[in-house]
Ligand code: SAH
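Below, in structure tokens: the form predicted alone, a single chain.
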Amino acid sequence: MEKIVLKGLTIPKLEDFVLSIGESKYRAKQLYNGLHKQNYYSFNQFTNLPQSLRNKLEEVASIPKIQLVKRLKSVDGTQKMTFDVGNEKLVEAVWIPSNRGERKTICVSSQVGCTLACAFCATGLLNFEGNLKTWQIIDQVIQIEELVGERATNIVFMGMGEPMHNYFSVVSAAHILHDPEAFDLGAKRITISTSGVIPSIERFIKNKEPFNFAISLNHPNPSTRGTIMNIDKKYPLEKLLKTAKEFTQVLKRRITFEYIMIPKVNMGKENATRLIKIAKSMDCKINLIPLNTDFNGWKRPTDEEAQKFMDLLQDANVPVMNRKSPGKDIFGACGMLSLKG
């Protein structure tokens, strides 16, 4: 009989489990705390449980661990960790401290490879090998915090994969990260990103999920976005923007648009005009990100080009920031996660 993985299970699911093995319901909370707050990897560490229960757990359950394969450190303090999540399937996660050290972000992956093929993203060149389970997402956070010896202040689901193609595992992981009985991160310190999977965004709205939400926009023109974002052919920009506006109206929260700046592709004055129109239509902010790859003969914008484009938005009073590209030298920046370095 295959052992059940307890890490990543919610308290209700753990309650069902302990009842199924003939134990009292309150044991579920003890298990949950040990797994997600104390970060135990062995049942022998649960000294608050009787030895007889620990022996039983060894027989029917497990606390697996993803394996660190490589750790790279950038000159800017960013660190990239490559993990084997099982069966030699590799994912990458990134530790990103801010310049002043106040903000410490972990960027986690949600899939092995990716289901999409955005034209600027190196991850899309990898084969898709499956969705990560909730525990595999959670374990990225646990292990990185242990490796760097610090707690993260923020978690972003912006690593390898399309999070909204792994909706239930991603949202379940976010709730555990948010839970005061577990990681105790504020909902506004957890950001889930998508390239535009409209049905999942609609589910997110319907369920009134409390987390920050970001959409990889990357081109404001409905007739052109599909050339760099293949998902646009299935979920067109006009419908995506309508859904984003619904998000802001129903949840009464600001939404973020991520925008990769690609010279001669999406940084013209007409692009800025369209982007301003989008920004004025709903409560949002724009995160500008300089291109980090060199596919299709594209080149990264110069600092002057990036600032000029940003000025066009700021002059129109659009909330905007340049996210820069920490970790570029270790292939850890946005769009670069591809098991290199």
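Just so we're clear, the structure is a prediction, and the values are computed from it rather than from any experiment. Sequential numbering from 1, following the sequence displayed.
Just so it is clear, the following notes concern the form predicted in complex with the named molecule, a form of the same protein that is not shown.
At a distance threshold of 4.5 angstroms between non-hydrogen atoms, residue 335 is in contact with the named molecule in the predicted complex.
The named molecule is not shown here, but in the predicted complex it comes within 4.5 Å of a heavy atom of residue 290. In the predicted complex, the named molecule sits within 4.5 Å of a heavy atom belonging to residue 260. At a distance threshold of 4.5 angstroms between non-hydrogen atoms, residue 105 is out of contact with the named molecule in the predicted complex.
Stretch 192-200 is the answer when you ask which of 172-180, 192-200, 132-140, 76-84 has residues with heavy atoms within 4.5 Å of the named molecule in the predicted complex.
Listed residues 167, 120, 247, 95 were compared with the named molecule in the predicted complex; 120 is the one with a heavy atom within 4.5 Å. Exactly one listed residue, out of 243, 266, 212, 216, brings a non-hydrogen atom to within 4.5 Å of the named molecule in the predicted complex: 216. In the predicted complex, 157, 158, 159, 161, 162, 163 are the residues of 147-176 with at least one heavy atom within 4.5 Å of the named molecule, listed from first to last.
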